[in-house]
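First comes one chain, alone, set out as structure tokens in the form predicted on its own.
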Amino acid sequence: MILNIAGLNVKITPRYEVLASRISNEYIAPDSAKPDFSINIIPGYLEQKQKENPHLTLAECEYIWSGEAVFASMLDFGGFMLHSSAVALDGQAYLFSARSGTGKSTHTHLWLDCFGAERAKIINDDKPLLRLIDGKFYAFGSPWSGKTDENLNIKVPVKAIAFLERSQTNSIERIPSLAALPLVLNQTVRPLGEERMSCLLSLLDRLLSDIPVYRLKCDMSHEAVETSYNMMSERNESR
């Protein structure tokens, strides 16, 4: 089948139900669509991954590493995956990244509580894709979205990114681009090879020049949403 992911047509043939069940109809491209690239995960590769990760089934391995293959290919089209929970509010995307278990999903779902389902939507709860298109960064959903399986096949301009830390008090501060770079690198897929790594770094340099990045220290309350939204939604041209 051919899927439309992040504005690109991707040919992929699921072998197992886990991946197939995550592909909603909104991602299926028309029969006439021509693929921009193809993903083919051979059985031997999945078997090797399953041996390395015995807690996973072959079906779960296909789901995980097919996503990794798509994320890696996105670099050829000005895109990458950022491990984060991305929420769209009033036509702008806000991304919250952190180590697993920190509470990024809880925080974005509080945005839905505060602003309502008509204004706020989860783009992707774990692995949104970011692409530079016509000089602007956009966030996209994809079928690879972690345990919650919350994602939408939508394209939303990126407003801001925050790296979340748990705290008993709520505060947010702007992070300089140089300090933000290792944080982003730790939450994406690093490509193999010097040339492709250079390509990713160039893309991230552009991202950090265009998109403000923050450090958000917060609890899991509506006050935390107010703190993050008030700062991240402001127009701030300083770099």
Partner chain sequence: MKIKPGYVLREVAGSIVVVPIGEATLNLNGMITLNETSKMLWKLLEAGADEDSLTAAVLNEYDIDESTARADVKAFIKKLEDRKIIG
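Numbering follows the first chain given and starts at 1. Keep in mind it's a predicted model, so treat the numbers as computed, not measured.
Same protein, other form: the form predicted in complex with the partner chain, not shown, and the subject of what follows.
Listed residues P54, P30, G193, G44 were compared with the partner chain in the model of the complex; G193 is the one with a heavy atom within 4.5 Å.
Of the residues N40, Q48, S171, S202, just one reaches the partner chain in the model of the complex with a heavy atom at 4.5 Å or closer; this is S202. Though the partner is left out of this view, P182 does reach within 4.5 Å of the partner chain in the model of the complex, counting heavy atoms only. In the model of the complex, none of the heavy atoms of Q187 sits within 4.5 Å of a heavy atom of the partner chain. Residue heavy atoms within 4.5 Å of the partner chain in the model of the complex occur in exactly one stretch of 193-201, 31-39, 210-218, 55-63, and that stretch is 193-201. Residues of 131-166 are not found to place any heavy atom within 4.5 Å of the partner chain in the model of the complex.
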